[in-house]
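Heads up, the chain below is alone and in the form predicted on its own; it's given as C-alpha cells.
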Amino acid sequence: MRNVIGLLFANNSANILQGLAFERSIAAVPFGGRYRLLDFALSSMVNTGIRTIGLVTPRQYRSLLDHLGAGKEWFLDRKTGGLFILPGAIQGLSAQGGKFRLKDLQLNIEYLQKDFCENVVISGCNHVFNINYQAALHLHASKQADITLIYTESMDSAAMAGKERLSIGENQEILSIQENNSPETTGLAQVYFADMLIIRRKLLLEIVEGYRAIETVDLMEAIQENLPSLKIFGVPFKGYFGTINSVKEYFDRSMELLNPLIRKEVLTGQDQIHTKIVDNPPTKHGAHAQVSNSLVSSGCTIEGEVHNSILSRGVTVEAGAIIRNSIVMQKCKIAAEANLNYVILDKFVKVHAGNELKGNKNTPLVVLKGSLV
C-alpha cells in the first residue's frame, strides 16, 4: 500500500502496570504466552498492507528492540520502506498523559517529510485487537476526509478511562470530542475513540509545525481544538477490543484468551498476529502431568498440574507443583509442591519448593522479574 505509511506510539505511560513495566514499556509487556502488546498494533498495520512503519520508542527501549530485531517476522526487513525506529522526544514526560505527543513528531519530522504518501495511520500499542484498516481507508478516501477516527462502543466507562468520548452524526461525521471523566458505568453504550486514526500527511505536518512552540500538546488535543475547521469522520470497530489500564485489566484480558472464540478472532483468524519466532522444542509433558484449559508455549517442561493458566516459553513445572488461574512468563521455574493461584510471574522467577503464592481475581499477585520466592 504505497499511499499510506504507519506510525506507532510505543512510549505510553508505564505506571499503570506497576512492576510489569519497571524495565520495559507497556508495548513490550509479554502477553498470551508468545506475544508482546506491540504485536497487535504492528501486525494490524502489516496485515493491511502497510510496509513503511515508524515506531516512537520509550526510554526503556532495549526489550522492545530485542523483540523486533530488523522486523523480519512482520515482513519489514525491506530495501524500501520497512521499520523505522524513532526516538521519543520528551522522556521526562513519560509519566504524564497524552497518546500521540507532537514533540515526538517534531523530533522525527523527517520521517513524515521524506515519504510522499497521502495518508498516515496512527495507533497506540497498549490494547489487544486485530483490525484491518482497509474499510477505514476506503471511507477516508470516499469522504475526502482530513481525519478518520476509529471508535468502539462500550457500556463500561471505567474500562475506557483515558479514551475520548465521541459524538457521531448521521453522516458518520464527528460532532464533538470530549474527555471521559466518568469513573462509573452508566449502563448505556457510549462511543469511545480507540486510539487509532487516519490523517492526511500534509495536514499532520501542518499541525506539527503550528504547535511547535507548545511543549506538551497532544495530537488529539490539537484535533479537538480545530474540530470546526476540519472534515473528521468516524469508523466503528466492532471486533474484540481489550483495554489495559491496570494490572487487573491485564490479567482479565489475558484470561479472556482462554476463550476459543476470542482466541480465534484475535490471534489466528484470517489476519494473524505476528511475533518474534523462537526455535524451541515442543513442550514436554511428564507421565503424571495434568493440564486443562490453558495456553502452553513451546519449550516448557510440565511434571505437575496447570489449570486455567497461560505459560510462556521455557517454563518448568516440577512434579507436585500446582498452577491455577495464573500467568507465568518466560523461563520461570516452579519447584516441586509449590502452589500458585491468581499469580502473575514476570520472566526468570524461581518459586522454591513447597511455597504457596496466592492472589485473587480482583488483585492478582505480581512477582517481579528475576525474583526468588
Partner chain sequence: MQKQECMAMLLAGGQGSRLGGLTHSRAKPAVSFCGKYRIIDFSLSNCANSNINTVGVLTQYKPFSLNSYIGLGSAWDLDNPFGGVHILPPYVGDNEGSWYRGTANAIYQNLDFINYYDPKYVLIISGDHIYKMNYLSMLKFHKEKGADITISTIEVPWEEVSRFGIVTVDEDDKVVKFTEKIQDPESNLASMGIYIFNWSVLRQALLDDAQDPLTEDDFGKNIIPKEITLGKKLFAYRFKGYWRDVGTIDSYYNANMESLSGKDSIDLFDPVQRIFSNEDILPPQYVGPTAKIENSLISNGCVVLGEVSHSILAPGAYVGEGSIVKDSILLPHAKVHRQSTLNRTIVGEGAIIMSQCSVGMGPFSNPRQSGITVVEDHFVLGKGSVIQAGRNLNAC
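Residue numbers count along the first chain shown, from 1. Bear in mind the structure is a predicted one, so any value in this text is a computation, not a measurement.
Separately, the form predicted in complex with the partner chain exists; it is not shown, and the next lines address it.
Between the options A289, I214, I85, A141, the residue in contact with the partner chain in the predicted bound form by a heavy atom within 4.5 angstroms is A289. Of the residues Q172, Q106, S246, T268, just one reaches the partner chain in the predicted bound form with a heavy atom at 4.5 Å or closer; this is T268.
Figure note: of the listed segments 257-265, 197-205, 230-238, 152-160, the one touching the partner chain in the predicted bound form, with heavy atoms no more than 4.5 Å away, is 257-265. Contact annotation: G33 falls within 4.5 Å of the partner chain in the predicted bound form, judged by heavy atom distances. In the predicted bound form, the partner chain sits beyond 4.5 Å of every heavy atom of E110. Although the partner is absent here, N180 lies well away from the partner chain in the predicted bound form, with no heavy atom inside 4.5 Å. Interface residue remark: G299 is counted as part of the site for the partner chain in the predicted bound form, having a heavy atom within 4.5 Å. Applying a 4.5 Å heavy atom cutoff to the partner chain in the predicted bound form picks out L267, T268, Q272, I273, H274, T275, I277, V278, D279, N280, P281, P282, T283, K284, H285, G286 from 266-286, in order along the sequence.
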